[in-house]
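Just the one chain here, laid out as structure tokens, in the form predicted alone.
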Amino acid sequence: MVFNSKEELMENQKAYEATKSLLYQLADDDFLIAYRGSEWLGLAPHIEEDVAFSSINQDTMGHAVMYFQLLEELGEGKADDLSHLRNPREFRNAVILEMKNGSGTYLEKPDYDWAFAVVRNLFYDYAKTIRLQSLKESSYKPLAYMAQRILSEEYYHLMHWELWFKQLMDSTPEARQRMEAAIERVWDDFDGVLTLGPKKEDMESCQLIGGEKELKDQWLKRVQSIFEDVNYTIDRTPGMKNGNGRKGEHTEDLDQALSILSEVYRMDPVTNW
């Protein structure tokens, strides 16, 4: 089963709907974690990290744009409208990716949690890399080609977060305590990233991406490997404590993020942004 073009894909209704569902997940995940990362601009631990993290977020937001453009090609509407004008309950990102960086706001008393940022981004980039490796073999060839392009950047993102993770886990007792608390928090909701949503069987049967269980097992193996490096264990599987974003279940944090992200665009959607 191979779909070389959108025309071929649209001839198969099941594959067409499953592809759109998958693309919304990919786009929304990158869109939200890139935004939360951008809120660290000027607040990162040091100037070099400020530059590095900003570059990572720029890459990730670019990946979201690419997925939104594929959705536009499939007839879902303008890419800018898809990212800025949808109702929050129409978003399909995992809940853990929409959560605020900490208390306060970027402009007023931002008390952000760097340990949370490190753990969330590391776990996410493990999952993203595994998905991209699977998507390289996707039956929808425009998506497969895109995955190949994006994957080349993920190598450097992972190196960055693995270094931070290991250094902080092996640092002071306070750093270790903060990191372990962040791991527990992210773990409680990370199954929301790993799930492929209601159309997961169609995605697999149409060979758009590997099976959900297979991808989860690969992610767990990667995470357990770095846990061993820092002498850490966790005795439960990842959960979805605050809702399943793949089904449109979200928190007020998403409302807050989207209101800021879309504020300027909503003023004049017809402008060429």
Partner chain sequence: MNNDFYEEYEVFSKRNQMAPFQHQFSLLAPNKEMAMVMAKENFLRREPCVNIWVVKKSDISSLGEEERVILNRLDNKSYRETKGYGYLKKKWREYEQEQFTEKNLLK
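Remember, it's a predicted structure, so these values are computed and weren't measured experimentally. Numbering follows the first chain given and starts at 1.
What comes next is about the form predicted together with its partner chain, which does not appear here.
Contact with its partner chain in the model of the complex, judged by any heavy atom within 4.5 Å, is made by just one of L220, I234, A52, V230: A52. Not displayed here, its partner chain is kept clear of Y124 by more than 4.5 Å at the level of heavy atoms in the model of the complex. Looking at W187, you'd find every heavy atom of it more than 4.5 angstroms from its partner chain in the model of the complex. A residue is said to contact a partner when one of its heavy atoms sits within 4.5 Å of a partner heavy atom; S134 fails this definition for its partner chain in the model of the complex, lying far away. The closest heavy atom approach of H160 to its partner chain in the model of the complex falls within 4.5 Å. Just one listed stretch, out of 162-170, 135-143, 86-94, 199-207, contacts its partner chain in the model of the complex at the 4.5 Å heavy atom level, and that stretch is 162-170.
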